[in-house]
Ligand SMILES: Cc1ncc(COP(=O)(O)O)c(C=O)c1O
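Take a look at this one chain, the form predicted alone, written out in structure tokens.
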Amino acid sequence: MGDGTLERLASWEREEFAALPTRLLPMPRMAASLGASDLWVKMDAETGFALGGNKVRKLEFELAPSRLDGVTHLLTAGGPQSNHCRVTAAAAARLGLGCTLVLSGPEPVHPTGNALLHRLFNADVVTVADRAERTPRMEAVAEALAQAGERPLVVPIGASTGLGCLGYVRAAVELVEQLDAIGPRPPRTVVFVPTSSCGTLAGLLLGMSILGRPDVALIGVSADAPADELMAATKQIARDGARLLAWEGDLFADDVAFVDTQVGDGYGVSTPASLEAIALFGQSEGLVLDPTYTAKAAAGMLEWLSGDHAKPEDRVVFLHTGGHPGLLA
């Protein structure tokens, strides 16, 4: 870009956890079964560090070396099977820092999936009754750590901040380069994105806006919240990221849509459609989805493809954000 935005992004300090670029793969058998002509998956499940996933890209920015100057302890929060907490705990272990996770839900008798990995990475786990209690308890733990002589850094839930979203601005650049290398550009590329705390989607929105790519439409599929809340959060995080990059252009917010019909009974609770999506991805492409995010996002994509939204000339991309340890819980 002539305004230097991409140069500023490329030179931004980060901790290089991820194995990049992740692959963009065709899904021909699934496409044939669905009657789709041009179906792809962006494999951010393969970012590599601590079993991968989208959180790795965001934590590269949140845990940049200068931000950790003097820090002795990382502190964050999430659900009992939180991917974000898994990667944060692993990062603390890699960097030689202490780590405390505030998790909603009872302490498991026999931890499995991400809950097992949280403990394998030597995180201290504090449990609270529900999601509303996580932030107050996290603040209380941070104060107690500081009084004990530690220097804690609180990592916001999901690393979904203006800073964290820069990881997905970089991913947007990476994805566009891969899409353009396929061949002639179709009239529209539609990217399906698992969405909850909105940092991933916000970064992609900001990236596509900086790149000037209105031909790339983004669809966030909710894991829990209603569409209007997700839109507000996505735009706010993207604006925060734009300020960090000193980019003053217009966000392509009209090119973002949301699907909140796959939430079912709530966060982390599977639905018949999400279970069908897990089976279809596994049987047709050998891909593993997780029950909290990617399975519901895949169900949203399948619903969209079966409706009247898709056009024959569309290129469709599923952003696989990882999280497969949750399937083993």
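Note that residue numbering begins at 1 and tracks the sequence as displayed. Computed from a prediction, not measured in an experiment: that's the story for all the values here.
The next section is about a form of this same protein that is not shown, the form predicted in complex with the ligand.
query: Can we say 54, 58 and 293 each have a non-hydrogen atom within 4.5 Å of the ligand in the predicted bound form?
result: All three within 4.5 Å in the predicted bound form.
task: Find out whether any non-hydrogen atom of residue 155 is located within 4.5 angstroms of the ligand in the predicted bound form, and reply yes or no.
output: No, no contact at 4.5 Å.
field: Contact flag, residue 198 vs the ligand in the predicted bound form, heavy atom cut 4.5 Å
entry: Yes, contact at 4.5 Å.
- prompt: Does the 4.5 Å heavy atom contact test between residue 83 and the ligand in the predicted bound form come out positive?
  reply: Taking the distances in the predicted bound form, the answer for residue 83 is yes, it comes within 4.5 Å of the ligand.
query: With the partner left out of view, is residue 194 within 4.5 angstroms of the ligand in the predicted bound form by any non-hydrogen atom?
result: Yes, residue 194 lies within 4.5 Å of the ligand in the predicted bound form.
- prompt: Based on heavy atom distances of at most 4.5 Å to the ligand in the predicted bound form, which listed stretch, 198-206, 128-136, 142-150, 173-181, is the contact stretch?
  reply: Of the options, only 198-206 has residues within 4.5 Å of the partner.
task: Output the sequence-ordered list of residues from 301-329 with at least one heavy atom within 4.5 Å of the ligand in the predicted bound form.
output: 321, 322, 323, in sequence order.
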